[in-house]
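The data below hold one chain only, encoded as structure tokens and taken in the form predicted on its own.
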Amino acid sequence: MTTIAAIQFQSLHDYEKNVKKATDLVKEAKKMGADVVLLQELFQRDYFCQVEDYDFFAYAEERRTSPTLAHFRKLAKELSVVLPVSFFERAGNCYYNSLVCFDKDGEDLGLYRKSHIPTGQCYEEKFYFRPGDTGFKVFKTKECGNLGVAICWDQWYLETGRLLALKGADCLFFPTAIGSEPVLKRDTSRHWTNAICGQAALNIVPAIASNRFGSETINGSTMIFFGSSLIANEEGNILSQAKKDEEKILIASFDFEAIREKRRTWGIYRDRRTDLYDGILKGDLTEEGK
């Protein structure tokens, strides 16, 4: 059995306090029996992508010299937990929304760069980040199975979960920063929950999402993040979900070998018709697009 925790907390405009909060919650999750702990997207600070501000590029860290990664790598080894860690990456002249996964012994298992980059009011990520160039990544841990990782906006694309599953993922991890929609002017938390559960159900793979909560104001722009972090099993059923406005550690255990057997008995992967799927690579399949 592998026990997975998802952490939800309110990020503050203070790097040191956020890192300490995340550290304390990871330690608490370990006490609860967690083997793997997922933290939310860009948890080190406010979600600065609400606005376009060149000063915020100073937050970016190089992978090899990142104080954030060094801290959580040490923590992973100290606690013997697997930690996928989101961070704002600088690589030469390029900037990415990235994640590094550390195994229980502190080994760096690899880097993932967010593939789908959103843009729009309060989600100005295209100003800061290049689209990821790593492809979808599955990290093979020594004791906790194969962890498929994507970041926030990636979770809305059904191709993300399927490709991670085809690469051998035993579970899907989605660190997230999502909240109020000033353009849509509606609460999308239920839709978001359904998207995570759909990724799990269609691929027969558990899905775990960690989101922040609370109000954040940057340069006159305000967002309210809706929390609702969750853990769904391989059938898309919610095993545990946080409220919209609470600090919470969610936890659930999975028998990955039993779930692999369930995938085999369903035959979903056996019966795929890859010869019919070429159209998925096109943007338009209407008469006008042919």
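For clarity, every value in this text was computed on a predicted model and none was experimentally measured. Don't overthink the numbering: it's just position in the shown sequence, from 1.
One more form of this protein, predicted together with another copy of the chain, exists but is not displayed; see below.
- Residue contact check for Asp105: none of its heavy atoms lie within 4.5 Å of another copy of the chain in the model of the complex.
- Although the partner is absent from this view, Tyr157 contacts another copy of the chain in the model of the complex, with a non-hydrogen atom inside 4.5 angstroms.
- Contact check for Ser215: every heavy atom lies farther than 4.5 Å from another copy of the chain in the model of the complex.
- For Asn237, a non-hydrogen atom is located within 4.5 Å of another copy of the chain in the model of the complex, even though that partner is not displayed.
- Proximity to another copy of the chain in the model of the complex, taken as heavy atoms within 4.5 Å, picks out 182-190 from the listed stretches 84-92, 67-75, 215-223, 182-190.
- The candidate spot formed by Lys126, Leu166 and Gly279 lies fully in contact with another copy of the chain in the model of the complex, as each residue has a heavy atom within 4.5 Å of it.
- Within 4.5 angstroms of another copy of the chain in the model of the complex, the stretch 185-224 places a non-hydrogen atom from each of Arg186, Thr188, Arg190, His191, Asn194, Ala195, Gly198, Gln199, Ala201, Leu202, Asn203, Ile204, taken in sequence order.
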